[in-house]
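Read the single chain below, which is given as structure tokens and is the form predicted on its own.
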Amino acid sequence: MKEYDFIVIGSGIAGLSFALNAAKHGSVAVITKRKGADSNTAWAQGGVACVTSDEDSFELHVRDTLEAGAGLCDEQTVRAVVTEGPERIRELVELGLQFDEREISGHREPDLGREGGHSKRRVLHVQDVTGSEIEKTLLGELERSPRVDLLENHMAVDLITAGKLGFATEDRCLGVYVLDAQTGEVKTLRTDRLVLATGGCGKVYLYTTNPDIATGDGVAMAWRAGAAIANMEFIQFHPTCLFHPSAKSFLISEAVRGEGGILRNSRGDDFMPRYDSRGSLAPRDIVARAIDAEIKRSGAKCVFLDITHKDPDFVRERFPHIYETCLKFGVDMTRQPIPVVPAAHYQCGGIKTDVNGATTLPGLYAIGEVASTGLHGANRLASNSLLEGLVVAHRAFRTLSRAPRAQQPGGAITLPEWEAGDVQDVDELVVIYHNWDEIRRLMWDYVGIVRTDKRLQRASARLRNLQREIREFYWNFRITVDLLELRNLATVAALIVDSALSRKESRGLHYTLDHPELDDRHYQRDTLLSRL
């Protein structure tokens, strides 16, 4: 058993921000199942929404966030994240990150972008690779810290709790079992301060903008440990993912629409004004449903994002990564519209926490996309996620650094080693891959942008059978990363379906044909699930 003052699972903006602060006050382990730079953060193109302009205000940012969240945001959390954002951005800049600027009347000012749902330009960015630059900055700083162990190619298996060990005390998180993917060894790590920053669950769907790591690990582990889970029915589908048979779910940033891009259907019509007065800059839930409706109505395979009316040099300079990627697939976005379709993008629900990241299980915190802090409500406002990661990571560190260490009668706690039992090596990987594919396809077909009770019930029934198969596989074979990810995917898929079935209305990202109206009387509340 190895003991740390802090353990962080995940290496995106939230996890790395927390770890950098924690390293000033104790030993830290950062666990990441691939390389340190492999995170959802690194894929973020748009930027960080933050009030920095005299033309903007905290009140406007709060209002835009609350409106996008469709009545389910926690206003206290929204105000905390919005008002504390500028200070966290300043700290990021002090680490060496340089956001794009422009010269106005002889002065250098931030080159602010605008995205759907925002009433003002407030998105700080580094061209169209903001997340990647943030990841490099934080990771570079972390690797210089002598008090941090960065455990790459290590995957958390399950949380260790007092309840699981039979302690006759308050249940709390005491540590975590971690699989070393290179050796197959399962390590026991002990801490009183464990932070989940594992990102989202986009890979639970057949089509997603997320990287392969986004398998819902944190939510699944927290659920098994007894922590409350909130609002998992609200999965955000990004409206504009590149549609090409050879492209692997490449995101076309909302910033393209913010700079004047227009969504057109297969006939070339600007169709969004028929659905919302804000046109192509409406919030993502509205745009994604509108695209879905246009595709189904026309029988076309996609719609098109048109920015050909803008100066080609501006487009290439503002969106170099998107431009080069589209060009690689035969689309010159300065001359022709980009074919796009919606794809699963962001998990707005997650592990239920307060504004400081504290979960319902003492000793366990959750920050970033894996957490449901109340900021996003029923639909995330574009580019609020990176800001949330920075602010809540700082608040979680501040709270945890003041918390007393847990004590057990008899002194220090010794955790039991992992017991593999009488298991054998996986002999048929095809079973894992088949179940993985089946989960992702049934979620896309039955639990997508538009839902019905019948589709959800079919998904629920099949998922229960799949979970039984996967549970049997888990207990009879030696664990691998693939098997653990499949187990977590099935758990998270079931949580999404159960949450969706319990909400008999349409709100934000949850739209059902059987209950198309908003019902504030019964459902202006969180959907909470817990095993305990």
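Numbers for residues come from their place in the sequence shown, where the first is 1. Since we're looking at a predicted model, the values are computed, not measured.
The protein also exists as the form predicted together with succinic acid (SIN); that form is not presented, and the subsequent description refers to it.
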Listed residue (238, 352, 289, 455) with a non-hydrogen atom within 4.5 angstroms of succinic acid (SIN) in the predicted complex: 238
In the predicted complex, the one of 233, 115, 217, 285 near succinic acid (SIN) [non-hydrogen atom within 4.5 angstroms]: 115
Partner-facing stretch of 165-173, 294-302, 380-388, 440-448, counted where any non-hydrogen atom is within 4.5 angstroms of succinic acid (SIN) in the predicted complex: 380-388
Close approach of residue 36 to succinic acid (SIN) in the predicted complex, 4.5 Å, heavy atom: no
Spell out, yes or no, whether the shortest heavy atom distance between residue 45 and succinic acid (SIN) in the predicted complex is within 4.5 Å. yes
Any non-hydrogen atom of residue 125 within 4.5 angstroms of succinic acid (SIN) in the predicted complex: no
Would residue 251 count as a contact of succinic acid (SIN) in the predicted complex, using a 4.5 angstroms cut-off between non-hydrogen atoms? yes
Can you list, in sequence order, the residues from 345-359 that come within 4.5 Å of succinic acid (SIN) in the predicted complex, counting heavy atoms only? 345
